[in-house]
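In the structure tokens that follow, a single protein chain appears in two forms: structure 1, then structure 2.
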Structure 1
Amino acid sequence: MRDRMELLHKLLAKDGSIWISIDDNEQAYLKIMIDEIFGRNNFVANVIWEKKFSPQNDAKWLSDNHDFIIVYAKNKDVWRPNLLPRSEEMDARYKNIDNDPRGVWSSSDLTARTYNKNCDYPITVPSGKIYNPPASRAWTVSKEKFQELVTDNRIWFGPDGNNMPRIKRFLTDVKEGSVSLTIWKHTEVGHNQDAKKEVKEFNSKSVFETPKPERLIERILTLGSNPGDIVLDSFAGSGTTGAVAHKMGRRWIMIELDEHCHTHIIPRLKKVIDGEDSGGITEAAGWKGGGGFRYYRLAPSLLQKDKWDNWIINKEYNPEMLAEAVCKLGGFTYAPSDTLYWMHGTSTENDYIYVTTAQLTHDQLALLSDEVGNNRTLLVMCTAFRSRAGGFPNLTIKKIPTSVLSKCEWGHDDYSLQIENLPIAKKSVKKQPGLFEEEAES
């Protein structure tokens, strides 16, 4: 898990956030590890999600009905969560008892927990009764500010003018949204059974044990992203994140190494795009269909070991696949020429790469150097070469697989997200090696 989190930290935008779903068994250990990677100062919150609402009467110890969502910012100084849309229930709390022309309002406490001598004074209400702040507390505003609020009819003394003063807050002042709490009830964001019903719509045979409901992901994306942002789910599962992000106008990337890609994710996203997914947040988001996605399959390992434990090029790679893979690893753009056999990719206007499994002789390299010319440079990636002393100023010659061994990990069934596209090494000028040395640069 540490390897995954370190890589995700690198991928995260400077003003991004990460939301990690975890159960009660591991959340404490996970937080300590994330503190080390993201920094304790970038911890935002530990959200409790009510994933079940019915008690498990057969539970041996306690009935487990919640999971955690641990939230960190890449940089807490520059990231802030969005506000949540106000609900009808929230708005219903606002009344207009005194027929204020500014509209409905709600009153809140005028006292502050922190004592301030300048805000400790008696207040005489319209009925003549005198109020002082509770012991060890003070009013939230100074005496002068209080008088301004009274003049502006922003202080409420009760219907008969006899109550302790409270400050009036108009709905128009808070209409933009509300701050999220850290306890999310199933009535707000859904529960496991909701999620299972959503999964059954496109795969009734394989339903996850603890899938996430679309309303839960909607809450996360509302707080942590804006339309057009890129959302990454590196453990896609049934594809809920991509489906919700698509409906909410976010761009998305999902990664899944198991067969869920074919059995769950692709069928689900096709229904979303075709407008045939009527569940989840579809109605709330006003989703009618549209958009599209690209699907990429992880290629087989480029290198593998033979029976003598030597690294060799995987036989599953044809020449085109090999050229494209080596271009990527070397930081070149794969752009094969229709006319020049040696031009497989480019890094700059006059710098090219040639990838071949052939064993190149000195004469072949000399001919290649002549074709490249004095105004261009060429990186030659080959399995072996023979060259006499005497350099080719426009050629850099390297052997495969030796030259790419350090670029990635090879020969695994599961790379666990550790593949890295390392920065291009700066070219250096070296003396031409002998016949069997690993590489030559000139």
Structure 2
Amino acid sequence: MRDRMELLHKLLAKDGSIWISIDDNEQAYLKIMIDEIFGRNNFVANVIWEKKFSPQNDAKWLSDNHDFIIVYAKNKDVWRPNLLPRSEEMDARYKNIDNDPRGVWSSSDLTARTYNKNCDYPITVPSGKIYNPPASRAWTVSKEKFQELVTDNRIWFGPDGNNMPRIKRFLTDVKEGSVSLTIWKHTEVGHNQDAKKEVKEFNSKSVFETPKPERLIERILTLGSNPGDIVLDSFAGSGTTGAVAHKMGRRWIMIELDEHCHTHIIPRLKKVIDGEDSGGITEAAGWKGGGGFRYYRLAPSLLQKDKWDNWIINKEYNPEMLAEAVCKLGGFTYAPSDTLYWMHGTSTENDYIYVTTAQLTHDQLALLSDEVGNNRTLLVMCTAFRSRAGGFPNLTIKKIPTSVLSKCEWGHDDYSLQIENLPIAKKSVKKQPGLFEEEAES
């Protein structure tokens, strides 16, 4: 996990946060390891999620019914969680006993925990009874402020005007939400069985082992992100994070090592996009469908070292894979021709690329040059060649892996090979991209 946490730390936005779900067996070790990477001062909380609600009476020791969610900020000084929406239960605590035209209110204590001489004075309530602050405490407001509040009908003395005074807080004045607690009950955020039911909706045969309920991820994304933000789940599993992020208007990236990508994640997200997933938070989020995603499969590394420490093309690469990879690196669109063996890709209408592991002789190149003709140019990527430089005006000849190596950036933190995400616009490349500018004679 250390390698992954180091990468995730680098990747995380300056004002971002990371939320890691982990069970009781590993949480203490994980916490200490993350302390080392994020710094103890950026630790936010270790949330307890009640993942099960019924006791397992056959448990040998204790019946474990919670997991942890370890929360760190990239920088705790700048990161603040959002508030949670107020629940109906919270709002129901507000009443209007005195028919105040300002609406429902609830009362709170007028005494402060610390002593302040300015706020220590006797208060005579309407019934005539006199109240003083409790021992070693004071009121929360000065005498003048108290009078202002009384005049504004913001002090409550009880139905008979005989109680210790309290401050009226109107629902219209309270914050737009509530601060999250660190214990999350299954009644608020769902439990394991909820999550399994959600997974069954799109894969009834193989219910994923450890899915998370959508409401749990909704809580995390509410606290830790805003619409339009990018949410990354590098251990996507059944794809709950992406599904919830999508429904909540966040952009998302999911990474998965296993086949779950095909068996769970892609089918799930397709249903979400088509508006056919009625489970999880769909109704609460008012989700109707829309949006899309792109899917990439990570190829094996194109280059590897041989036993003499020389860079060679990875043996896992067959000729098609190699041609496609070299096209991508060189900014060519991979479009192999059915009829012309040398036409593997194109950058402009008359500009083509040929990728081969062969060593090309002068005669072979001469033949190729003839076939390409005067109206086309061809970039030839081969392992070695014999020819005089500039011998064929319509051919540019380069060697792999040398030219691929020159595209690789060594010793950098950032990985700057571009993966184009946007629809591919027509290119107007006037010259070969920089990658192919250097050349060495064979």
Ligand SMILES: C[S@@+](CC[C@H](N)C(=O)[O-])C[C@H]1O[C@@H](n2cnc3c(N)ncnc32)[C@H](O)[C@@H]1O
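Please note that residue numbering is based on structure 1, beginning with 1 at the start of its sequence. Rigid core here is just the name for the largest C-alpha set that superposes within 1.5 Å across the two forms. No experiment lies behind these values; they were computed from the predicted model shown.
> Structure 1 or 2: which one is the form predicted on its own?
The chain shown as structure 1 is the form predicted on its own.
> Smaller rigid part versus larger: rotation angle between the two structures, in whole degrees?
Relative rotation between the two structures amounts to 43 degrees.
> Using a rigid core fit, what is the CA shift at D120 between the two structures, in angstrom?
For D120, the alpha-carbon shift amounts to 3.2 Å.
> How much does the C-alpha of T356 move between the two structures, in Å, given a rigid core overlay?
Looking at the C-alpha of T356 between the two structures, the offset is 8.0 Å.
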